[in-house]
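Given as structure tokens, the chain that follows is alone and in the form predicted alone.
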Amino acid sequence: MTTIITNCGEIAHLSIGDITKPISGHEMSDKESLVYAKDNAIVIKNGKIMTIDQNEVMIDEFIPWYTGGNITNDSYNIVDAGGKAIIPGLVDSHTHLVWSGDRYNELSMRQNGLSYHDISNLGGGIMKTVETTRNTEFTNLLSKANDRLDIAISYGTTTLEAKSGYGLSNNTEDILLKVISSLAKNSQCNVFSTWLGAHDFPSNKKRSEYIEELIEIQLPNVYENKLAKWVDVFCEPGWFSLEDTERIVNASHEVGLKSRLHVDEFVDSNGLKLASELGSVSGDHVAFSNDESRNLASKSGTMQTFLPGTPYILGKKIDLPIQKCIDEDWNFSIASDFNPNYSSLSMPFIGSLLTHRLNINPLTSLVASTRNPASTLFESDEMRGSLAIGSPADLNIISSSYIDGWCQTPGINPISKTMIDGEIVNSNKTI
């Protein structure tokens, strides 16, 4: 069946140049190149975008009998956008989707002056979630993760990366990765799995013992059973050192597992530099990375992925050098970092943090939430993140006629309808 979205407002196609590559610099806000004006229609066939052209032309060519409204018959599924804008499906390239437990008591601890390290040393943080997750059955973990994924889809996310990391043992990490694999098989959302066994050190093992377990036991299980596409390491002082990280990543690369790394969240420890040297597809957090490392990352193809929700939820200033990345033409993306501390799967809210707190152009924020992160997740022949002719029809109809509206309603969902592979998977009430 052919699907036609008629009566579109602005369409953020983002399809200039090589769509397998990110867009950088001031080109990210070039509306003339990245956005079609209103009064176009999108024709979708076999789940892919067939053409985008003037509304009247498409109606005359395909459905000359059409007079308006939503219609489904034997040949066509017609969706009337009502003059609302269209954006690509949102791509959340950094989430901790699978875990169990409750750490909302940690807010008052932070307000009383305790740091992330302090809370961890008192039995909170990652290890508290690990303990609860280890005691939760597979079916319960899967049910929670499914509910969270549905929430992400409701906010326009059509592609999502999910990490393990709250098991810290071969058995529980295996369970978490199998939960993610089940999501990938059974959800219409594009779900990718990352093994984060190196998230912290379990209390019952020495650091050296656990690193040996990661390399000699967990890693073979991951690649032999094809449980993840990437390895991740929490490379921060107090957790995994640069040397630890390099050793784990090199072992993973030897068996064909690429890397995307947590780096430079709290201080500049040259984590982004290491990620670039190791050929990681992304270095995430990167709040404190130095300019030399950022320049190296952009040249080497390692995506800087900023997670502004993290400093927001920790009560810190959102002081991220995104404008400098634009001015210096350095590639970057943004993602949610959904986790037990930051319980939000709304990519429009992450876009709002950029636009309302860092004065970043909404179109730039959209590119950083779609095409750029997609370039770190998909193989070139499967690429999503833009509305290019021939690409899978992953898109959102938003509540505004202008694409800028995708991230301007932080307390209200701006997503009206979501399509994945040309099928409507979500409809919301919007203002």
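The first residue of the sequence shown is number 1, and the count goes up from there. This is a predicted model, so every value here is computed, not measured.
As for the form predicted together with a small molecule, it is not shown, yet the points below apply to it.
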> If you check in the predicted complex, is His94 within 4.5 Å of the small molecule, heavy atoms only?
Replying inline: yes
>> If we define contact as a non-hydrogen atom of the residue within 4.5 angstroms of the partner, is Phe306 a contact of the small molecule in the predicted complex?
In response: no
>> Can you work out whether Arg260 and the small molecule are in contact in the predicted complex, taking contact to mean some heavy atom pair no more than 4.5 Å apart?
In response: no
> Going by a heavy atom distance of 4.5 Å, is Glu265 a contact of the small molecule in the predicted complex?
Replying inline: yes
>> Which residue, Ser352, Asn331, Asn339, Thr159, is the contact with the small molecule in the predicted complex, using a 4.5 Å heavy atom cutoff?
In response: Asn339
> Only one of Ile175, Ile211, Ile126, Val79 has a non-hydrogen atom within 4.5 angstroms of the small molecule in the predicted complex; which is it?
Replying inline: Ile126
> So which of 68-76, 245-253, 96-104, 211-219 is the stretch with heavy atoms within 4.5 Å of the small molecule in the predicted complex?
Replying inline: 96-104
> Would the small molecule be touched by all three of Tyr116, Tyr166 and His285 in the predicted complex, meaning a heavy atom each within 4.5 Å?
Replying inline: yes
